[in-house]
Structure formats: structure tokens, C-alpha cells
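Form predicted on its own, single chain, as C-alpha cells, below.
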């Protein structure tokens, strides 16, 4: 039931109005993109003169788009696994380590989030050319891992900092080895942080375009690079269709994560 301005109070009404305007400002571009993806105009024209599913058919039946989607998915999954495997020991080091320079190490781990992506991409491009992996699957994984690893470390470190370490020590006192205590007590307790780190690592890889442009080759391109190339050469609604599919996939992933968290909270 909607409340009148008098019943909800003037200040709260103004706050709700501002929130609604901000939400509309953020959602309108997404709505426009979705509408353009169903328009029958050959160009990105709004409002569309008519409606069609042709652009979605062009995406699903074009092997170039399918190959780019598969490359992005494979790179993202590999980066996600590696980011979690490397992020776990790194998080334990920066949270529980008692050594000189720990804060410097923490800052080093998150530095890829601070350094401009163009500078990082140029550095990776020059290094990968020297070692001969530029334009390869290994190069994409290594380059995306650099930007995805900080997300994993931050999520897992935050979960570790909120975990009561005395529970782990109690398990050791009861006869478990330190490794068993970590495996059976700590890791299940911080699984939400691990899951969040894996999700953000995958999305960071899936969405990366700047580094992908430098690392791409004619035979190997990720989906964002394919979208960028298409926008430069032809403003076709196919890009709007791909963008709409990506938005839908993101909504589905976030909904699944929300359902998993709700079930675990019960």
C-alpha cells in the first residue's frame, strides 16, 4: 500500500523520491539497450520502428560470437579457480601473518585495482610479447588473473577477519591437526567469502575489455573484445542483443547467489 506524503513524513518522502530518481537514472540505460535489441532497424535507433528477434538469431547462429562467448567462459572459469586457489593462502598470510611488511604485501596484492588498466595492459602486453604468450589462451588467463586476484583476496580476507579463530584453536586442542582444523572448521565457516571471491573473480575476467584488446589475436578474442570491435566497425543492434543477454546472465547469477545465501542462513 502506498503511503501519502503526509503519513510517511516530508523528509522520508523526499528521501524515497531521490532514491526512485537515482534508481531510474541507473536502470533507464539498461531498459533502452534491451529495447534496442528487439528493434527491427538496421542501426541503433530509439524508439525502434518495429520489433524483431532477428538480432538474437544472428548472435546464436554466428560462429564468431559463439567462439567469443566460449573463450570468455573458459578463461573466466580458469581464472576463477586460480584466483581462489591463490587467494586463500594469500589471505591467510595478510590476515594471520606476523611478519615485517605484511601491510606492504596487502597493498601489493590489491595494487592492480589502483593502477590504471591502460598502464597495466601495456605492461602485460610488453611482457607477454617477450615470453611469447601474447594472443594465447595462457596469456588471457594470466592477464585476467592479475585483475581478478585482488577481488578474491579482499573477499576471503574479510571473511577471515570476522571468523573467530578460537574455534579453530579449540579443534586443535581436541586433537585435530592445524591442517584438519583449517579444512574442517575454518574453510566451511568462510565459504561465503570464498564464494563471493570466486563470483567476483569470474565477473572481473568475463567483463574485462582493456587488457583483452591488447592480448587478443585474430583467432582468439573474448566476448567484450568482440563487442568493442563490432561497435567500432558497425553500430548494429547485435551488440544490444549481446548486452541484453549479458545483463540477463548477471541477474540470474546474482539471483542464484541470493538464494544460496538465504538457504544457508536458515
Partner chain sequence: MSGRAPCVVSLRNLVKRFGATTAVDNVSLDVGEGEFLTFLGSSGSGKTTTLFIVAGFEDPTSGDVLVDGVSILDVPPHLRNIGMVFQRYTLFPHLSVFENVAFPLSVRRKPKAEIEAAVTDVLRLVRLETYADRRPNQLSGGQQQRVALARALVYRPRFLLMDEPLAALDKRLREEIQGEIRRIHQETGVTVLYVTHDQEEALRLSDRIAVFSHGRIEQIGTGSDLYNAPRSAFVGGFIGNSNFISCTVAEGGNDRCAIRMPSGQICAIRGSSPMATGQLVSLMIRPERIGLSTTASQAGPDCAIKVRICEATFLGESVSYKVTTEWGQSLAIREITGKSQDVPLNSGVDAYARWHSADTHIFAT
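The structure displayed is predicted, hence computed values, not measured ones. Positions refer to the first chain, counted from 1.
Although not depicted, the form predicted in complex with its partner chain is the subject of the following passage.
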Heavy atom of residue 189 within 4.5 Å of its partner chain in the predicted bound form | yes
Are any of the heavy atoms in residue 103 no more than 4.5 Å from a heavy atom of its partner chain in the predicted bound form?
-> no
Proximity of residue 89 to its partner chain in the predicted bound form, heavy atoms at 4.5 Å = no
Examine residue 126 and determine whether its closest non-hydrogen atom to its partner chain in the predicted bound form is within 4.5 angstroms.
-> no
Partner-free chain; cross-checking its partner chain in the predicted bound form, the single residue of 176, 113, 122, 138 with a heavy atom within 4.5 Å is 176
If you check 107, 93, 81, 167 against its partner chain in the predicted bound form, which one has a heavy atom within 4.5 Å?
-> 167
Candidate stretches 95 to 103, 178 to 186, 73 to 81, 146 to 154, one within 4.5 Å of its partner chain in the predicted bound form by heavy atom | 178 to 186
